[in-house]
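One chain comes next, on its own, written out as structure tokens in the form predicted on its own.
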Amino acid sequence: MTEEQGLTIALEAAKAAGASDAYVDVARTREVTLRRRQGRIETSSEATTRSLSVRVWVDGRYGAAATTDLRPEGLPDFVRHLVALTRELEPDPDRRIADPALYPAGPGPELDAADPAVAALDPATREAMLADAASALDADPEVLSASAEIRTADGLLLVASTNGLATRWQGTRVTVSAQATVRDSGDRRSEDHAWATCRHLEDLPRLAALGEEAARRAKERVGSQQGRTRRATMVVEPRAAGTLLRWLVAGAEGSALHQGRSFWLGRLDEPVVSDVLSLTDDPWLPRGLRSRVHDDEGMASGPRAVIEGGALRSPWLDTTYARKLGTSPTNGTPSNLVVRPGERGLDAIVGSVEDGVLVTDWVGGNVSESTGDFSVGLRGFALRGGVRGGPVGEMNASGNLLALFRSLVEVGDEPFRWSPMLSPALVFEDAQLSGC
């Protein structure tokens, strides 16, 4: 049975069983992984999965279920059973299918999310790409252990509803990574990695450069020491900055706001962070890793300012939580998050820091979505007199996220490309750093 047939059968079964409305999506995804370790192929896997999810509204009640069994003889019973179970639930007048006026009016922008070359990759080409990514590691006598991996995915998503939505989306993704381990003092080992993720093969960097970066980063960690406890400048490099920003916006979603477990509660449009930060949700970014025409409810997407002028301007609100909060829906979940870049590169920023830390990785810790309080481990390098010093570790950054982002004084000029969070370096003054 085709995905289109499964979609039709599920919609018809929902209506026949008495659902007032239904929303169905069918996904097919093929994923291939190849991993090379110490010059040999270690693992190889390929899997194609199909799934169908159904949401139904019955007498003011809402239910949802998913299945990987798309056989035509079983789907009607699956949907009928869901409708019957939904009738037993408590009503929720705020949970309704999206208004068709919120659906895309046309096909939307060209997102260029699918690359046929990704799906067409053959085993020999994949092995050659891995060898390329690991070439610098294999040739480096200081590298004790080297690995490289390529993961690809190509998928199809069909969506339809009983009130008029009908869309089709195709996308691909390719990730190439390299990891290196080198000897440290005694029995210690130092390791690090590098990766690139994108939609199109032609957007990948020179693959050998990934191995070179992984080896360089691992060697730079040798001799890591615990830094001093103090308040100082904290520079967060681009590939680590995205994690920090994800913590900042984690509570800016409808469910967290409605349930009172968000530190953004009551602060909409209130300047509470530095106006240096400008954060946009851009689902129309060509070849973006989370680009989309509509969200999970079918609500049309579009670029919008999330944080501007130091304030949260537009949280993520699906139709249900928008009703509960008495406001208008935006989109239910984040897409590509883009930080407006500054004017200086990372090297220039580091060269201006008298005393601080350059953060390259976050290691464990705790972040409270309710209060914004955080205490997280970090790895990086000491900064003294405008010069990057030796590696530091076994340190924590702590405080409150809103207070931390009030102390943001600069963003860099070049974002980390291989993430749906496109952030340059971030520079914070007077950050609380704990070590020895």
Partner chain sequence: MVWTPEWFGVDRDVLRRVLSVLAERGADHGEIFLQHARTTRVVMEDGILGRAEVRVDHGAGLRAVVGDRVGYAFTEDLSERSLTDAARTAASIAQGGVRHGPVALVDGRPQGDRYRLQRGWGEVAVRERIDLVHRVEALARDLDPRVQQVQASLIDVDERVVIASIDGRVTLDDRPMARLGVQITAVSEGRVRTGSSNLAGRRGLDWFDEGRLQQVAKEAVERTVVQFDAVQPRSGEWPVILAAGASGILLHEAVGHGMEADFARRDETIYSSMIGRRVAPPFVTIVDDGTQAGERGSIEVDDEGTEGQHTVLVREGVLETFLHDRVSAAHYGLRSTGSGRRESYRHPPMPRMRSTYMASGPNTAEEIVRSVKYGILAETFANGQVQIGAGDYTFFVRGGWLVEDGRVTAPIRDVNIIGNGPETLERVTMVGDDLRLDTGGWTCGKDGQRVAVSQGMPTVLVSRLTVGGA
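None of these values were measured; they are calculated from a predicted model. Residue numbers count along the first chain shown, from 1.
There is another form of this protein, the form predicted in complex with the partner chain, and it is not shown here; the text below is about that form.
Contact annotation: of the candidates Pro205, Pro116, Gly309, Gly365, the single residue with a non-hydrogen atom within 4.5 angstroms of the partner chain in the model of the complex is Gly365. Checking Arg340, Arg216, Arg96, Arg71 against the partner chain in the model of the complex, a heavy atom within 4.5 Å turns up for just one residue: Arg71.
Of the stretches 104-112, 291-299, 320-328, 341-349, only 320-328 has residues with a heavy atom within 4.5 Å of the partner chain in the model of the complex. Within this chain, Met395 lines the site of the partner chain in the model of the complex, having a heavy atom no more than 4.5 Å away. Contact annotation: Leu402 falls outside 4.5 Å of the partner chain in the model of the complex, judged by heavy atom distances.
Taking the partner from the other structure, the partner chain in the model of the complex has no heavy atom within 4.5 Å of any heavy atom of Val387. Put simply, Ser407 is far from the partner chain in the model of the complex: not one heavy atom of it is within 4.5 Å. Although the partner chain is not shown here, in the model of the complex the stretch 44-72 places heavy atoms of Ser44, Ser45, Glu46, Ala47, Thr48, Thr49, Arg50, Tyr62, Gly63, Ala64, Ala65, Ala66, Thr67, Thr68, Asp69, Arg71 within 4.5 Å of it, in sequence order.
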